[in-house]
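Read the single chain below, which is given as structure tokens and is the form predicted on its own.
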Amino acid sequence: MVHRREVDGRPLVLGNQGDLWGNAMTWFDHETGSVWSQPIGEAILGPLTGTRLDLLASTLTEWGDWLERHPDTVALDAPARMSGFALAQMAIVVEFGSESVAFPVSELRQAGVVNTNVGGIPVAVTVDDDSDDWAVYSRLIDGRTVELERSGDDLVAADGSGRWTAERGVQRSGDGGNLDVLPGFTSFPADYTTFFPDGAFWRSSGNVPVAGS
């Protein structure tokens, strides 16, 4: 996940605080010493407690694929090891307003794409069946809400009005342009309840509140 590191127009310098909360990294800011939760970008200790950073839309992809699309990108070349996390064990979390929903990846893969509303915003959440590519898109196209279906590597409007790449939402045909990418992040389902005790888990039969999961 990627957050905007500004509070009231003032940029913060953030570092690794060294502890875990909800099985996830915590940061500290050099300006106030407040401690922040990485997944939700919220200060949980210190003078800025309760302050939230804006979550930005981002993508997780292979370097070669990214470089092909953005050949002028400059990146930090630092030694690292392979991640031990498996996407299939996680959930994609979408939060808007006072509502948050976790979409278990294993169930997303079976569905192909999920059309729903979170915080009153019509969204589509999709994950590739053979890779770790996932995305959250707005379903508003030219002021109207569309239902999206998975068709191979593409997303298509159920009414036949458009076709887009599932990985990046780039329009292949139709009107309305590219799909708007919305922010989301990954979390282990068991840890989601720490961050969003009033949240819900998506199920094909309907959202299930955390307390009832």
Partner chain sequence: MAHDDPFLPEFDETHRPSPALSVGVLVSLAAALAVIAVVVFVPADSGPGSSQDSFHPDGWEGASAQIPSDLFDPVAAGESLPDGYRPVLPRDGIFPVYAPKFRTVENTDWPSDELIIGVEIDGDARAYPIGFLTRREIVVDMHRGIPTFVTW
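Positions refer to the first chain, counted from 1. In this text the structure is predicted, and so the values were computed from the model without any measurement. Take the two forms, superpose them, and find the largest set of C-alpha atoms that agree within 1.5 Å; that set is the rigid core.
From this point on, the text means the form predicted together with its partner chain, which you will not see here.
Please run the contact check for residue 51 against its partner chain in the predicted bound form: heavy atoms, 4.5 angstroms, yes or no?
No, no contact at 4.5 Å.
Applying a 4.5 Å heavy atom distance criterion, does residue 21 contact its partner chain in the predicted bound form?
It does: once its partner chain is placed as it appears in the predicted bound form, residue 21 has a heavy atom within 4.5 Å of it.
Residue-level question: is residue 210 within 4.5 Å of its partner chain in the predicted bound form, judged on heavy atoms?
Outside the cut-off, so no.
Is there a non-hydrogen atom of residue 112 within 4.5 angstroms of a non-hydrogen atom of its partner chain in the predicted bound form?
Close contact is absent here: in the predicted bound form, residue 112 is far from its partner chain, nothing within 4.5 Å, heavy atoms only.
Quick check on this chain: which one of 151, 59, 161, 165 has a heavy atom within 4.5 Å of its partner chain in the predicted bound form?
Result of the distance check: 59.
Scan 1 to 19 and write down, in order along the chain, each residue with a heavy atom lying within 4.5 Å of its partner chain in the predicted bound form.
Residues within 4.5 Å: 1, 2, 3, 4, 5, 6, 11, 13, 14, 15, 16, 17, 18, 19.
Superpose on the rigid core, then tell me if the C-alpha of residue 31 is displaced by 2 angstroms or more between this form and the one not shown.
Yes; residue 31 is a residue whose C-alpha shifts (by 2 Å or more) between this form and the one not shown when the cores are overlaid.
When the rigid core is used for the superposition, does residue 98 move between this form and the one not shown (threshold: C-alpha shift of 2 Å or more)?
Superposed on the core, residue 98 moves its C-alpha less than 2 Å between this form and the one not shown.
Can a Cα shift of no less than 2 Å be assigned to residue 205 between this form and the one not shown, given superposition on the rigid core?
Shift at residue 205: below 2 Å after core fit.
Regarding residue 25 and residue 118, go with closer or farther for their CA spacing in the predicted bound form versus this form, the difference being 3 Å or more.
Closer is correct, given that in the predicted bound form the C-alpha spacing of residue 25 to residue 118 is reduced by at least 3 Å.
Flagged pair residue 25/residue 183: C-alpha distance shifts by 3 angstroms or more in the predicted bound form. Which direction, closer or farther?
Here the pair is farther apart than in the predicted bound form; there, closer.
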